[in-house]
Every structure is written in C-alpha cells, then in structure tokens.
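Only one chain is included here, represented as structure tokens and corresponding to the form predicted on its own.
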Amino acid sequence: MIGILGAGLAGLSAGYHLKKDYVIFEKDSEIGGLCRSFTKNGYTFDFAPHIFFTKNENVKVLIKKLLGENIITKIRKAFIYIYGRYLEYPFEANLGGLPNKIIDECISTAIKAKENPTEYHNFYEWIENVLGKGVAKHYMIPYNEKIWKYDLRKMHYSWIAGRVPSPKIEEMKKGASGMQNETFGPNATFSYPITGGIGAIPNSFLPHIKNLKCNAEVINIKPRKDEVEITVRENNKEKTYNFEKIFSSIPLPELFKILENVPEEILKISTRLVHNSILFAAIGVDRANITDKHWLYFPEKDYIFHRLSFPMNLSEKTTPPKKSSIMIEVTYPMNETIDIKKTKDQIRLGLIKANLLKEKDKLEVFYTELIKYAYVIYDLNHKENVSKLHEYLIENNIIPVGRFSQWEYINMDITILNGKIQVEKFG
C-alpha cells in the first residue's frame, strides 16, 4: 500500500498512474492545491492565475482524455504596461512605440552583449550579460525585483531555460520598427477550461481516483526500516497508517517539520530553502470589456501588483454577462507580513491609474487570499541543498512530487508529468 500526501496536481497524477493500492490524504476540504478555482457572486476565479500549455505529448493526450471538450485554445494576448503604454510581450522583441532613445539603448547594448559574451554568476548578471543592459534597466531587472522580492545577485540562473525569451538582434530590430510577426515563449498559444476555471483540471482526475480522504492533515511522519508510519488528523481525530512508501507533495520546509528523527544538519538545510509569498486578489467589475488582454505585466514601482489576469478573456463562462473580472498578484518576502487593507487600496488605485477601472465602477467582488508558498526561489545554494534533502527523503522511502516538494519552478504540465515519472521510477 502506498500513501500519497496532497491532492494537488502532482498527488492526483501519482494516484492516477500508480498500479498499486494507495490512499491520498488532502488536508483541505477540496482537491487541487493552488490549482483550485472558486465562485463568488457568479464570478469564477482561480487561486492565483493559471493557464495550461505543454510540449509534452503524453500530457497533451492525458489532458484531452480528462477534459474532453471542456477546453479551449487561445492565442496569447499578453502585454507589458510601461511608460504609460502597452507593449506586447516579450519586451525585447516588441520595442516599437517606446522613445527612440530607449529603443537605441536596448538594441545597442543587446548587440554588445551578444558580440562580447561575458561570464555570469547569478541571475542579475545573466540578465545584463545575455539580454543587454538596456533591456535589463528598463524591464527585466525592475520586473524581476518586483516579482521575486529577493536580491537578484543572490539568485541562480539555472531555472531560466525555456522561460525567458532571448530574441535575435534581427528580431529585436523588427519589433522596434513595429513589424514583428514572430511569437516567442512556450505559452504563445495556451489552453484553458471552458467551464470550472483551472480547477476543472484537478477535478477531472476524480473519476479515476480510487481512495481519497479530504480534511485529512498529516501531522507526523516516522520512517522505519521497511515502511513509513504517518499520523493523520481526520475530522479532529488522529489515526495512524503504515505504508511501504509515500509520495509527498507537502512543501519541503513543512515536510521536515513533521518528519521524525531527522539529522540536525538535514534539518538545518531544510530551513535554508527560499521562497516568496503572495497576496492574491480577485475582483468582479460591474462593467463589460475593461480590456481584451489575457494578462498584463507591470514592472514599474508605481503599481503594487506585478501581474494582472482577466478570467473573462480566458473563458467567457467565468464571468456573468456584461461584467469583467481581474485576478491580481502581489508578492512579498517569505516570513514577512502584508497589510491587506492597505494593499487592497493600492490595488484599486493602481487599476484606476492604469485605466482599467474607473472611479465610479462598482466592484461586485473584491476577495483576497494570502498564499504562503508562491514561487520557489533559486538561491545560489538551491541545487546543493535540494539534492541533499531529496537524497535523505528517498533513502527513507519518501518520494517528493510536485513544485514545492521537488522545490522547483515547474508549471502545471511538468507537475502532472512529475507525478507520473516519480511513480514509474519509485512506485
């Protein structure tokens, strides 16, 4: 018998692909983890914005099987709001519309970076030395400082591959002249459920899941020689289970807090992992068509949020007729607090300043949620520390699955794939 801790995408995928008997334990009353959706006053929102895209054929086939016709594919409309105007994403490939001085600076320094490659040792240096100091100054550094809330010179660059577009000089010049006809990045086309929000994806696993316990929080894990004993609080009652091994999607720092008999050095390493947190806000607006965009990036300090997404443009079924909806992300450093009321005021003022809201707009929903684990941060010791933690866990028949147990910045498709891969490797 196998135990699976957490019914997010990774845990559900592990259960779906396991050939052995298993039990999934989920501490919340609903499945999905951060890929849940919720409805308020007729508006459907996700717990922090998500879209689905993948190059993996196995995942494509699985999602089609699970969702059937409940999915729509879109051509990305993502823009950057900067210097009072919208630039199509990515910034460096769509410079047209900026002042000529900025365009010249971005292109000339990009040419210099490509013609005179310089070694880099951290994310800040990667930005300047690969993309050029112009792109770094005007967009990449301010945006990344805003989203990560962490010193970019103390971040590694190993997570970047496949995430940050790096157009050729010819493509930058084409974009600067307003003649860009290329798309960049893995999410140039993406998919989204027609009904149910992004939560439709984890919910689509349910008919295939055999043994699921919600409201079941794992409070203690005791590895033994040939099994793993866990204690679970189910509806305020504690119960003990024994498994030959467990697959855990619990965030690594939380996992080691409930794991018994861990060597002191391993415990210390688990406290060195770095992440940030997020205040997520969901707004329902009693006005139609506030924008035709899917999402927007905001690198400037004048705006407290770094990204906005618009559910009504992902699927019209998320939003009542003649209304609009917004999902807002505001990150803050780990182990710090955030003033919710002040932040809500800053969000509203920022939306008005960006000409997305009007003073007189009626907000039918203004919901906020604090999410402790938002983005895994790749500090300079990330690889070494995570490797040691994973090695210890696997030696004790505890198999990490998913973003926060793998402690990697992975998207939904790789999270699903990770559940499958780990089961095939260790199940």
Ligand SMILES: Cc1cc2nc3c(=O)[nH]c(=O)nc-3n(C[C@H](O)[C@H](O)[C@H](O)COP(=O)(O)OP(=O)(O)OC[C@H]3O[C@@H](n4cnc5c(N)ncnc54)[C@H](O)[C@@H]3O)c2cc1C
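Since this is a predicted model, take the numbers as computed values, not measurements. Each residue number is its position in the shown sequence, starting from 1.
Below, we turn to the form predicted together with the named molecule, even though it does not appear here.
Using a 4.5 angstroms threshold between heavy atoms, Leu380 stays clear of the named molecule in the predicted complex. Taking non-hydrogen atoms only, Ile250 approaches the named molecule to within 4.5 angstroms in the predicted complex.
Ile51 belongs to the set of residues with a heavy atom inside 4.5 Å of the named molecule in the predicted complex. Among residues of the shown chain, Glu217 is one whose heavy atoms approach the named molecule to within 4.5 Å in the predicted complex. In terms of contact with the named molecule in the predicted complex, the residue from Lys174, His138, His156, Arg307 that brings a heavy atom within 4.5 Å is Arg307. Note that among 360 to 368, 380 to 388, 55 to 63, 397 to 405, the stretch whose heavy atoms approach the named molecule to within 4.5 Å in the predicted complex is 397 to 405. Contacts of stretch 398 to 427 with the named molecule in the predicted complex, defined by any heavy atom lying within 4.5 Å, are made by Gly402, Arg403, Phe404, Ile410, Asn411, Met412, Asp413, Thr415, listed in sequence order.
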